[in-house]
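The chain below stands alone, shown as structure tokens; this is the form predicted on its own.
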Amino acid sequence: MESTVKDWIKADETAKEMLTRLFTERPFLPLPPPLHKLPLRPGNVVEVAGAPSSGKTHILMQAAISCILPKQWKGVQFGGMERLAVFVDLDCRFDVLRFSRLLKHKLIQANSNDMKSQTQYDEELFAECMRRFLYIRGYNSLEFLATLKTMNNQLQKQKDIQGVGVHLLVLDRKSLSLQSVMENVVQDLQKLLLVHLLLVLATKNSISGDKSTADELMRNTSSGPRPKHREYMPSVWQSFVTHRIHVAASEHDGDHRRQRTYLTEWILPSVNFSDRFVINEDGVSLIS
């Protein structure tokens, strides 16, 4: 009996070996601003909350582009993850032309040292990246549930075809209510996370009483008390989310008179820094 207990509590790896294994299996993901400040890894569920037209979808687009870009291509460093990204559009408003322009700009930007490449991009690389971008449209909550039920098979099939797995699952919903099926949604997402090394990014519209502007967020975060985040999602979703970032549009243009500015604030975990950014042809660009 004593020997059995000793065998059960005997360590089969050192602390260093355990950390090395964890960081290898679930590495920190190199996400673009404004998601770059916190160490996010597969298994995390990040909620991007904010009022309509506060830049949430652009943040998701840039994260997806960072996922499908290669680490390097023909000697040029792109710094991407070179993995599959799944974008589930639950409002059927995804702007594929805008997404393709942002991707092309990233390809051109990486070759900016070459004068000839400042307006040209590698079409073969563009096609390779787009093959790693999996777009799914859902018109209602039942279609979304059906998508989740079959997603494991779809992801495994794509992994076998393309030779790489999926690192990012984006859920972009602005108006579709999932309240009645949220428990099933969370259960299916949890099953996916057990099988696939995924980071989940999900948008959430702020309710009418939570439309804080960027200026209010900046005043509150700099002077002490933070604006109250009004939660309306079911508790099963709240406990599922590991990180939450709030995005707000500014009422004033400031030094960027021709571009609307936005502010982000991390609510979960609560941290004392925030970022300002604008949205232009480059996508999301931080400003000081």
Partner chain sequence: MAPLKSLESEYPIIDSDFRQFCASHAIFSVEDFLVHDIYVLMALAEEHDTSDRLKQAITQVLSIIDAQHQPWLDGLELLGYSQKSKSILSTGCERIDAFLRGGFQGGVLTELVGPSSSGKTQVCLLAASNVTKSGLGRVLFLDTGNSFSPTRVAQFVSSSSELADTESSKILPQVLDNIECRSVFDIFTLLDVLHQLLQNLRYQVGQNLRMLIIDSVSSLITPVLGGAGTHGHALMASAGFLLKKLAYEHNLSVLMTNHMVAGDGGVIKPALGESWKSIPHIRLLLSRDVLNNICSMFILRHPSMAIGERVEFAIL
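Residue numbers count along the first chain shown, from 1. A quick note: this is a predicted structure, and the numbers were derived from the prediction, not measured.
Another form, the form predicted in complex with the partner chain, is not on view; read the next lines as being about it.
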property	result
Partner proximity in the model of the complex: Leu176 to the partner chain, non-hydrogen atom cutoff 4.5 Å	yes
Any non-hydrogen atom of Leu193 within 4.5 angstroms of the partner chain in the model of the complex	no
Arg260 within 4.5 Å of the partner chain in the model of the complex, heavy atoms	yes
4.5 Å heavy atom contact, Asp91 and the partner chain in the model of the complex	yes
In the model of the complex, the residue from Val186, Leu107, Val200, Met151 that sits within 4.5 Å of the partner chain by heavy atoms	Met151
The partner chain in the model of the complex: contacted by all of Pro34, Val76 and Arg83, heavy atom 4.5 Å	no
Members of 127 to 152 lying within 4.5 angstroms of the partner chain, judged by heavy atom, in the model of the complex	Ala127, Met130, Arg131, Phe133, Leu134, Tyr135, Ile136, Arg137, Gly138, Tyr139, Leu142, Glu143, Leu145, Ala146, Thr147, Lys149, Thr150, Met151, Asn152
